[in-house]
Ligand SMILES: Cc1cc2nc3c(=O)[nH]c(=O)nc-3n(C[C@H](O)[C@H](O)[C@H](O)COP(=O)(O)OP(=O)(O)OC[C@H]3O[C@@H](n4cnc5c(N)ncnc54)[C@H](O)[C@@H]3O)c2cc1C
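In structure tokens, one chain follows: the form predicted alone.
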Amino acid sequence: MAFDYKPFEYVSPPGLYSAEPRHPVVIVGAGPIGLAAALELANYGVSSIVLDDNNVVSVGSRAICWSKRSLEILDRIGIGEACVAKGVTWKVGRTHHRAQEIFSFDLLPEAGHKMPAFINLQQYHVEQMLVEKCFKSPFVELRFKNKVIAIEQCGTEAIITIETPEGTYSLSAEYLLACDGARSPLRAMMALDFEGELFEERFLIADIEMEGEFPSERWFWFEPDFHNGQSALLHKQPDNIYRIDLQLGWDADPEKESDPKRIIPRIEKVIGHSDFKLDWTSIYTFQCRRLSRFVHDRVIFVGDSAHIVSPFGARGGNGGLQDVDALGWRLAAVVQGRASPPLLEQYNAERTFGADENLLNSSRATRFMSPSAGAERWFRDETLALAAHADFARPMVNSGRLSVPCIYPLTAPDVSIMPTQTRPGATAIDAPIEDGWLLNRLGGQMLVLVIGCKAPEGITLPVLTLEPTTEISARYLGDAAHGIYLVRPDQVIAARWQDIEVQAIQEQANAIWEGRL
């Protein structure tokens, strides 16, 4: 394979020889979500232990499309710029029906953002960067070849039994984060199951290594000549790796379709030659399902262990990082005694809401790509035919609505003449400011952002005061002459006003910390 998989060292855990004290947080799963959660907690000074039953990063590219919001989160934990430097930056997507392009989109047409709309970067690169960052953190301990085999909750702690090459031991944690993926063993141990829909469709993922001239864009085909009656997707990745997804149909035999003798001829038809090497392949089915709850007393589910969607729309890994974004500051406050456990119920509320939005978008894309016989098939085929010559039909062509952060339904003060894109519940939008970038000044604490006016006297929260610039005015003021924003530690806008007394700001902040908003 193109990537050099170097095993991480197994180190004997102290629990094999004597009982360890209760840990604030134990994280199960050293994938991108578990590692990002550990680093986000480290930003708040909270220590964690990360357990993984393996000792290498994920084999195969797996998640490759990282959204602007994910890059902003990764930037906050210290690897965002490195990801952008290594990744393939793109913002244009092109959708084809047979040989004709029928729809294209630009995900970030405006300038003035630190992070691009999307990058393509193999999951193993992201994990490697995260592992290296964790090794440097005094707040994160990585334990490889540590497999959780049992779990028990006892009042104020979760107790787990762990198997290692040298034997078993136990750990207790104030909170346990289940970041152990779509097949989550922890979920099975707790007899929890997903609710939702399994689609009767199979796709082939193939990563190939080749010298190519394909642009840094997302290309999607419905019924291409090279794969008649099905759909296909092409993405460029770093290191001369290309991702190709091919629809196979529900009747396809996964074992037979995994044979390189069947895969290689299919890829040759896509790219028009045989000058390539297979790097990694996988057969998968569509699923759009989630747990009914993500918080189960002392065990909290994060990422694919909590929800799973089809890969079209890049909502899996990106949705998982948004879980980390919503959980980190809340869990840190609870563990440090600055807030009570009801605050974690707001994580459950917001991220089940976010998961439902991802599931809805993913299900709609899946049905458009793999319609059932009858009305669904008729609508899909007629939409594609119409889109070839009618502009209004092209936005209805659904090859996967790409991941954007959801807007939480907060009950909060608002000013209607300010831009809708920065209303309460939305993630703050980046903009250039005098000493760098706005989002680099937000996050990690509750903060009052004051634009074009003076901060209310007597405020005790941190304050960032800005003069209106073209970008700041367009994104935060709109038709207002000035504005005051309350921004949460996860960079989500909690409330906004034009004129407000300091007491009202403090009351809004207190309600958030108390888990009432």
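Here the structure is a predicted model, which is why all the values come from computation and not from measurement. Residue numbers here begin at 1 and follow the sequence given.
In what follows, reference is made to the form predicted together with this ligand, a form of this protein that is not presented.
Interface membership of Val148, defined by any non-hydrogen atom within 4.5 Å of this ligand in the model of the complex, is confirmed.
Heavy atoms of Ala332 never reach within 4.5 Å of this ligand in the model of the complex, leaving it off the interface. For Ser231, no non-hydrogen atom is located within 4.5 Å of this ligand in the model of the complex, even though that partner is not displayed.
Residue contact check for Asp52: one or more of its heavy atoms lie within 4.5 Å of this ligand in the model of the complex. Contact here is defined as any heavy atom lying within 4.5 Å of this ligand in the model of the complex, and by that definition not a single one of Ala38, Tyr44 and Leu438 is a contact residue. Contact annotation: of the candidates Ile205, Met418, Ala412, Cys406, the single residue with a non-hydrogen atom within 4.5 angstroms of this ligand in the model of the complex is Ile205. This chain lacks the partner; the member of Gln247, Gln123, Thr422, Thr281 within 4.5 angstroms of this ligand in the model of the complex by a non-hydrogen atom is Gln123. Of the stretches 220-228, 352-360, 309-317, 387-395, only 309-317 has residues with a heavy atom within 4.5 Å of this ligand in the model of the complex. Contacts between 30-52 and this ligand, taken as any heavy atom within 4.5 Å in the model of the complex, involve Ala30, Gly31, Pro32, Ile33, Gly34, Leu51, Asp52.
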